[in-house]
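Read the single chain below, which is given as structure tokens and is the form predicted alone.
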């Protein structure tokens, strides 16, 4: 188990992707074979956690999305304007290399994604995720995400709940 400090950065072509090995072959394959095309086409942004030796320890992707107002829990939907959809940011993928599991990197990557989404000058109501399985859904619920009533593996976190934390952090700096 490594205790390397991590630096978060947008993925670029100089980052070595072939050695990345999470416990999910589809997530490994995406990083190796697809992500640069998605970034180039502007359908996703990818951010990586790098060790001091520039090894990718983890990554996540963000893209614009929307949530159907009718899909949200009734208690949430009644507080929003009556548009058919509300803007959101989708975290499409989140993966940590097996060598760096158990160090809180998944939570740190999620926190960075929430920070980026909440600080964006483009309005979005929530960060949403499509959990690949119940273990992933439990991870997101642990971090305050709310499951959609009819799709328990699609979860969201209103970005307004993130803003007060960010403003407190900025005042402390």
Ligand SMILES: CC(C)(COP(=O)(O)OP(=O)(O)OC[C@H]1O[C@@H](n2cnc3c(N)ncnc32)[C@H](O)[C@@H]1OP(=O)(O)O)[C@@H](O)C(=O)NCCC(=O)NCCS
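Numbering follows the first chain given and starts at 1. Bear in mind the structure is a predicted one, so any value in this text is a computation, not a measurement.
A second form of this protein, the form predicted in complex with the named molecule, is not displayed here; the remarks below concern that form.
The named molecule in the model of the complex is approached by residue 24, whose closest heavy atom lies within 4.5 angstroms of it. In the model of the complex, at least one heavy atom of residue 102 sits within 4.5 Å of a heavy atom of the named molecule.
In the model of the complex, residue 142 approaches the named molecule with a heavy atom inside 4.5 Å.
With a 4.5 Å cutoff on heavy atoms, residue 68 does not count as touching the named molecule in the model of the complex; it lies far away. Of the listed positions (63, 113, 39, 131), a single one reaches within 4.5 angstroms of the named molecule by any non-hydrogen atom in the model of the complex, namely 131. Residues of just one listed stretch (117-125, 104-112, 41-49, 144-152) have heavy atoms within 4.5 Å of the named molecule in the model of the complex: 104-112. No residue of the trio 80, 159 and 161 has any heavy atom within 4.5 Å of the named molecule in the model of the complex. Of all the residues from 77-96, those having a non-hydrogen atom no more than 4.5 Å from the named molecule in the model of the complex are 94, 95, 96.
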